[in-house]
Ligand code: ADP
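The chain below stands alone, shown as structure tokens; this is the form predicted alone.
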Amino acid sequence: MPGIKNKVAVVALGGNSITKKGQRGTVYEQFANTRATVKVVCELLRRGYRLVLTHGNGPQVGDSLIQAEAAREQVPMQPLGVIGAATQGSIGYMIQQILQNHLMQMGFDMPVATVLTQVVVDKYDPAMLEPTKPIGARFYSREEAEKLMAEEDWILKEDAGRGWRRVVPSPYPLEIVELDTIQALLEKGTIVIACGGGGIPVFIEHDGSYEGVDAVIDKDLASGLLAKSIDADILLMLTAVDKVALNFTSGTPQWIDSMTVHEAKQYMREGHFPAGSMGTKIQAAMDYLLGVRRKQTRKAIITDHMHLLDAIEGNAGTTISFQ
């Protein structure tokens, strides 16, 4: 494949790529959804890209928490980091197998590897003191919440009159522990699956050792960090919409074909991109473009998987560039 050693794409698979809205999220549904997305993503190989894939794991972590809570009288509860690692592995296995099968059908002899990824955060990040990220789908009564806060050292907050939900910190990603491994695999021609669910958050102790922390790193921010760290040529973030919009919640959204980092900052200040939603994708794109080498030739694209190939050509999606 001509030029394959010259271009690297980091592709962040959104939750819609694995579990669609309204689905139960069975393994069969997840495999079917992921096959459809991977089939399109693999076409990037024909266009000369080496691939690094990232993915979310929110629904899967939520399901695992429900299972753990239901069995908490029979088996010990697992820390959130361990649950995150387990879902990294299970989703990575699914994507890896689908990739292997599709590559075989395409006639490509390429290895695929899932790297269980730890991501360093600052233990003194202000977000660690103000947990805001809801996890799990379950709502609790006040009495249940008080019991869990006392017995499990969880933090739960009342959620708009619907009940109490567990919340955890969502600190900013700073460094990818397995970066050298990811780069070495990529240089050998391996398709790499990494930073699943934003990676397993860890902080560095005074002696240089790693320690896990109960937190959730945003998948898109981790993808932006990864793209910057490996000097990727393009960052592709797949979501549920074709392109980004201003005034999205109004009756007349303004769809955007392209924007610069300067324009993106201005739109963020004006409140067009809510935190935890499109806001983190825009922030991830800016982090990548401001930190990568040869900024003028790099771009980030936000679109859905159905428009991915058109978006690469500039005919769909929202392209964000340095200038």
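Here the structure is a predicted model, which is why all the values come from computation and not from measurement. Sequential numbering from 1, following the sequence displayed.
We do not show the form predicted together with adenosine-5'-diphosphate (ADP), though everything after this point is about it.
- Only one of His102, Arg165, Lys243, Lys228 comes within 4.5 Å of adenosine-5'-diphosphate (ADP) in the predicted bound form through a heavy atom, and that residue is Lys243.
- Residue Met278 is the only one of Met278, Leu53, Val41, Ala264 with a heavy atom lying within 4.5 Å of adenosine-5'-diphosphate (ADP) in the predicted bound form.
- Using a 4.5 angstroms threshold between heavy atoms, Gly291 stays clear of adenosine-5'-diphosphate (ADP) in the predicted bound form.
- In the predicted bound form, adenosine-5'-diphosphate (ADP) lies within 4.5 Å of some heavy atom of His272.
- A residue is said to contact a partner when one of its heavy atoms sits within 4.5 Å of a partner heavy atom; Ala215 fails this definition for adenosine-5'-diphosphate (ADP) in the predicted bound form, lying far away.
- Although the partner is absent here, Phe108 lies well away from adenosine-5'-diphosphate (ADP) in the predicted bound form, with no heavy atom inside 4.5 Å.
- Per the 4.5 Å heavy atom criterion, adenosine-5'-diphosphate (ADP) in the predicted bound form is contacted by stretch 232-240, the sole one of 232-240, 123-131, 178-186, 165-173.
- Along 207-233, residues Lys219, Asp220 each place a heavy atom within 4.5 Å of adenosine-5'-diphosphate (ADP) in the predicted bound form.
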